[in-house]
Structure formats: C-alpha cells, structure tokens
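A lone chain, given as structure tokens: the form predicted alone.
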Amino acid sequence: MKLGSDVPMTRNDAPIVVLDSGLGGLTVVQALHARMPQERIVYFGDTARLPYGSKTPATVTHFVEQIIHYLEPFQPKHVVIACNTASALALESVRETFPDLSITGVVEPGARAAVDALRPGEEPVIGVIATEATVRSRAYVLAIEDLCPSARVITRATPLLVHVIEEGRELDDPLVRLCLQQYLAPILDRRPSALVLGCTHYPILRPLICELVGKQVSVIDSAAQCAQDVREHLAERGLLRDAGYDMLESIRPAGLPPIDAPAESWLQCYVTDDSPRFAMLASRFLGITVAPPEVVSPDELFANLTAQAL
C-alpha cells in the first residue's frame, strides 16, 4: 500500500527522521531530544541488515535510499543519517537522490568539534575510533584535514565495540575495559589532543573512555555534535517546532495501522528485525521505557521502492 498523509502539516510541525543500521543512532535521538524536547522524532533502525561497517558503499547507499523512500510520507523537515559508516559512504549520493530533502550526517560535525578542541602551541594530533568501513573510507581524515591541513589523524578500526555494547555489557565489565585498552593504546602513544568517537554506539562507553584517555584528551561525541548541528540548521531555517502543540497522530502517515503511544510520545520507532530486543536495548540507550517498534521487513522496503519506481 502506498503511504500518504491526509493531515495538513506545517514544515515546523513535521518530524525529524533519524536512521541508522541498528541501535547506535539512538544516541543521536537522545542528544536531539535533550536539545529540542518539543520535536517529534521518527527513528528507523535497519536491524536485519546490520552491521553496515562490513558492507560496500553501493550496498550501504542502496539500503539508506530504501529507508528514506519508505519514510518520505512523514514529510520530514530534516533527515539525519545517524550512522558514521553510512554518513561516510552514502551521504553525498543520497543527497543527490533526494535533492528536496535536508539531509545531514555525523562525520562533519564530529570533525569540526575535534579541530575546535585542538590546543594552541601543541602538535595537532586527533585520534578516531570507528568501524572498519568508516576507517577505510577516510571520511574523518579528509574532513579534519579540510579544516586543519596540518592535523595528523590517527584512525583505528574497533569492530568489537558494537558487539560489546549490543550484548548489554556494562562499563565495569573487565572485557569492556580490556577491549578499550587494546584499541586505544596505539592512539594514546601518539599523544592526541582529541579523540573522536566515530560510531554512534560509542557514547555509551564514553565515561570509561574518558577515564582511560585522561583529562588531557578531549573526547568528541559525534552524536552530541550532530544534534547541535541539526538544531542550528533548523533554527537558521525557522523550522523549530512550537513546544505547545501535540501532533503525535498527525505525523503518522495514512496507510499505517494506529499504534499505542508510549509515555514518551515524541518518539516513533521502526526496525527491520527483532523488535523485542530493540525495545530492551533502546531503553538502555535512551534511559526511558520504549514501546516495541513496528517491524518493516527488508522485503517491504524493496517492494515499496519498486512500487514508487513504477
């Protein structure tokens, strides 16, 4: 069924769409809500096809385009690709595919914050921990060097961290500490001024990372920087939402069945697989009780894209 909206909606009242390969983008949702609690957010986690970090740019781009096509009936006023891998591999192509949508990622804000954290008089060294695909793309290296050509960027692929986080391991777990120590040691040997958390899962581990790197290293949360960037972007365009208007149902496209709104009715979630597990881990990420999201299978995404092309 083709989705559509029968409810008139001003651009200010339209939701912000946040998409990710899985759960990591919920750190961006948390940061967005902290800065703009009046905004409605539609979150899509492609949990059936994660991780994006081991896939090719063409595959990641195709997945992201399928999701945005599916969510277009929400008439989003802004789309956040809240996945460092997808931001690195697909952002420019997706912007070309959807020229009428405002779309940003997480790499550019994180790179800006890292450069801002450099201390005068010290060698400009910046560390980045990220997925294998993000590291291979050199997206952070290029973004940082564009802002500060003299910067030395030390990147390190840290593939185990996403699995550690999604297993629900706590900060006091010896395995978590050992894993971080092993990954961070080569970067800390170069004495960086800043360390970019180049995956939106990683802010969950930020307290332990800060402890391990010490106060002399600024730890850059790409999720927080992304949220600040989105707020400024919406403010510049006059698209911040009036805090007094409740429009939970008005942002829901006609054609989707009604849902029971959770207490935190500012958030609607969709996933491509494993809804109960998502709700459990999302509650940990956001610090609130999250209702089970709707499941949209990859086959539905493909069928929706095919129908629009006909």
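Throughout, rigid core stands for the largest set of C-alpha atoms superposing within 1.5 Å between the two forms. Don't overthink the numbering: it's just position in the shown sequence, from 1. Quick caveat: nothing in here was measured; it's all calculated off a predicted structure.
The discussion below concerns the form predicted in complex with a further copy of the same chain, not included here.
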### Message
Between a further copy of the same chain and L19, Q30 and T97, in the predicted bound form, does every residue show a non-hydrogen atom at 4.5 Å or closer?
### Response
no
### Task
Check whether P207 has any heavy atom within 4.5 Å of a heavy atom of a further copy of the same chain in the predicted bound form, and answer yes or no.
no
### Query
Taking the shortest heavy atom distance, is Q66 within 4.5 Å of a further copy of the same chain in the predicted bound form?
yes
### in the predicted bound form, Q38 touching a further copy of the same chain (heavy atom, 4.5 Å)
no
### Query
Any of the heavy atoms of Y183 lying within 4.5 Å of a further copy of the same chain in the predicted bound form?
yes
### Query
a further copy of the same chain isn't shown here, but in the predicted bound form, which of 164 to 172, 143 to 151, 196 to 204, 77 to 85 has heavy atoms within 4.5 Å of it?
164 to 172
### Query
So which of H233, R119, R191, R136 reaches within 4.5 angstroms of a further copy of the same chain in the predicted bound form, heavy atom to heavy atom?
R136
### Sole residue of E92, E123, E211, E132 within 4.5 Å of a further copy of the same chain in the predicted bound form, by heavy atom
E132
### Message
For a quick check, can you give me the residues of 38 to 58 that have a heavy atom within 4.5 Å of a further copy of the same chain in the predicted bound form?
### Response
T47, A48, R49, L50, P51, S54, K55, T56
### Task
Could you tell me whether the Cα atom of P37 shifts by at least 2 Å between the shown form and the other one after core superposition?
no
#### Entry: Core-aligned C-alpha movement of Q66 between the shown form and the other one reaching 2 Å
no
### Query
Once everything's superposed on the core, is T47 shifted 2 Å or more at the Cα between the shown form and the other one?
no
